[in-house]
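We begin with a single chain expressed as structure tokens, specifically the form predicted on its own.
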């Protein structure tokens, strides 16, 4: 039977995202939101993952609705202690986060509403975040001044920086923790928060 087949890593990541999104927003995500949520750019690829979940019996869709995904059963392969490794993120100049294939088993240390990214660059070294470190990010769409965040700029570039609002919220400052680097300032509508730093891993 199709629903007896194990899900691939990407299919499980997609199902996990759909479950989290519905739990948080009480409505289903659109394809574009699914693509962004699992770290890809293609709606077509996201549609293939969704179709695979339909065929496996985990979800159904109402073709007449934009948010027509319905959960039919929970993911039996979901491991609450395993975080998806979504890719690499810049701690220097912003670059696009690249989807990866790895997972990190943290045995419930950080909880389940999180993901991991590996840092590239040295713009956060004065915050103790070094090139090659793995940081644990809590999925969040808002942040407080002073938080270290994953920020999506212009829907294309992702970076790890300290967050600060300025000019009555009209602008967002993304501040490096490296005195040799300048802060970046963007109009608020150009920046979307994807998560807030809650932990860090380093291998010596």
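Think of the rigid core as the biggest set of C-alphas that the two forms share within 1.5 Å after superposition. Residue numbers count along the first chain shown, from 1. Quick caveat, the model's predicted, so the values are computed rather than measured.
The same protein has a further form, the form predicted together with the DNA, not shown here; the description that follows concerns it.
Novice: Residue-level contact is defined here as any heavy atom of the residue lying within 4.5 Å of the DNA in the predicted bound form; does residue 135 satisfy this criterion?
Specialist: Judged by the heavy-atom cut-off of 4.5 Å, residue 135 is well away from the DNA in the predicted bound form.
Novice: Would you please decide whether residue 163 lies within 4.5 angstroms of the DNA in the predicted bound form, comparing each non-hydrogen atom pair?
Specialist: Close contact is absent here: in the predicted bound form, residue 163 is far from the DNA, nothing within 4.5 Å, heavy atoms only.
Novice: Can you check whether residue 58 is within 4.5 Å of the DNA in the predicted bound form, heavy atom basis?
Specialist: Residue 58: no, not in contact with the DNA in the predicted bound form.
Novice: Does any part of residue 44 reach within 4.5 Å of the DNA in the predicted bound form? Heavy atoms only, please.
Specialist: Residue 44 belongs to the contact set for the DNA.
Novice: Among 40, 63 and 67, does every residue place a heavy atom within 4.5 Å of the DNA in the predicted bound form?
Specialist: Every residue of the spot touches the DNA in the predicted bound form.
Novice: Which residues within 171 to 191 place at least one heavy atom within 4.5 Å of the DNA in the predicted bound form?
Specialist: Stretch hits: zero.
Novice: Aligned on the rigid core, do the two forms place the Cα of residue 49 2 Å or more apart, comparing between the shown form and the other one?
Specialist: True for residue 49: a C-alpha shift of 2 Å or more.
Novice: Aligning on the core only, does the CA of residue 191 end up 2 angstroms or more away between the shown form and the other one?
Specialist: No, its C-alpha moves less than 2 Å.
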